[in-house]
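Here's a solo chain for you in structure tokens, the form predicted on its own.
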């Protein structure tokens, strides 16, 4: 088993690729009582079109999320209840990129790990249970579609992207999930829930070799074929639309302001772009930036203001969001500040302060076992080790952040999504 040391952040990680293709990562934490396990597949809401064994499949939106809900069903009962009865706190999530199942527990960790590996790798669906779940997920979809913040974000995705499936809700729609059958779920499980397309990450007072032994015992012995994904036509740099507005029940206008970035490449360059995107946003919009102070002083933003960098296969973007009496004025102010940075650059003291802050936040987050395990799983599927950020961070320069702002925060790459009150004229 390979041991990787990350001296800069004081962490060590064990890695082994099993004969069935499963990659196992373990963070031993002998001084802790609680353990955490995360079992994930490289399959998310975006993966609606794929090829397996030479045959192309087009599946309805929402299958990955639907499958996540149904995977807890077993022939004997419900794995969620079984884990909870064992003292574990289990859950799962589906993102655009991955689906992950996890638990933490202080007792019976190995027994709970066996349950986790078993129910995720052995699907069991009936027509009755799939039909019943359709009503539950339909209610969930109805709730999120009535959420102005969710609607505002999805409208931003539709404004930024013409073709990329990030435009589509992970949960799908009531119409799309009506097309999901047990056969659909079994086909997608076969395509993506193969050990060779999955990763197991564990943190806690555990023996790395024993974790691998449990995985070898429970999971299939050999790797199967892995589905090839298709995300459609490659996106250009220009936003699909400049503005999308909608009216809902809100007390004040809310907005999502986004900038379409360059699609990340696989490997450490993707991690480097993430770090650079975070730093660029901090110097442009962070609470110690000149622009933030100006927007706050003029009453254009409040404490609800936030921002972030996000990427998935084939897409990356910067986004800012919050409440504002005049979202268009926020857009104009950001564009003006980006142009000023292009002319004058970023203040050196601000850059140094921001860089220390972003690095410190990343290091502090490593205290969370969930952050370690989920982060490593996502990083592995993207082609790098999560803890490599410390080595890459120092080499990122102020000039690179200035160039990213100059290249991405432009008129053609910008889109604004606004949700206004119904009665507003």
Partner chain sequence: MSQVTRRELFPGVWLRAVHTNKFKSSYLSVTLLAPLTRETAGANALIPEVLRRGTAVHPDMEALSAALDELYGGAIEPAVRKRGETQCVGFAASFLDDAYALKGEKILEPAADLLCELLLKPYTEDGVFSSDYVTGEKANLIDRIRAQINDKRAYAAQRLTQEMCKYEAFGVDKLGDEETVSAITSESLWERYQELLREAQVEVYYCGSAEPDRVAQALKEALSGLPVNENRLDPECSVRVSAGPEPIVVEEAMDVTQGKLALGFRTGGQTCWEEDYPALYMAVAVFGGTTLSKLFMNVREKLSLCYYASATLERMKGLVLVSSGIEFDKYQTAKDEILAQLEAVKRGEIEDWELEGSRRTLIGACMSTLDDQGRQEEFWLGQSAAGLEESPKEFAARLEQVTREQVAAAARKWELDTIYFLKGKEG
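Residue numbers count along the first chain shown, from 1. Predicted model, so just to flag it, every value in this text is computed and none were measured.
The same protein also exists as the form predicted in complex with the partner chain; that form is not shown, yet it is the one meant from here on.
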Looking at 274, 86, 197, 74, which has any heavy atom no more than 4.5 Å from the partner chain in the model of the complex?
86
Let me know the one among 136, 122, 265, 228 whose heavy atoms come within 4.5 Å of the partner chain in the model of the complex, would you?
136
Can you check whether residue 191 is within 4.5 Å of the partner chain in the model of the complex, heavy atom basis?
no
Distance check, residue 361 to the partner chain in the model of the complex, heavy atom within 4.5 Å
yes
Non-hydrogen atom contact residue 366 with the partner chain in the model of the complex at 4.5 angstroms:
yes
So in the model of the complex, does residue 150 come within 4.5 Å of the partner chain, heavy atom to heavy atom?
no
Please pick out the stretch from 238 to 246, 168 to 176, 337 to 345, 301 to 309 that is in contact with the partner chain in the model of the complex, where contact means heavy atoms within 4.5 Å.
301 to 309
With the distance limit set at 4.5 angstroms and only heavy atoms considered, check whether 9, 143 and 146 all reach the partner chain in the model of the complex.
yes
Could you run down 183 to 217 and flag each residue that has a heavy atom within 4.5 Å of the partner chain in the model of the complex?
none
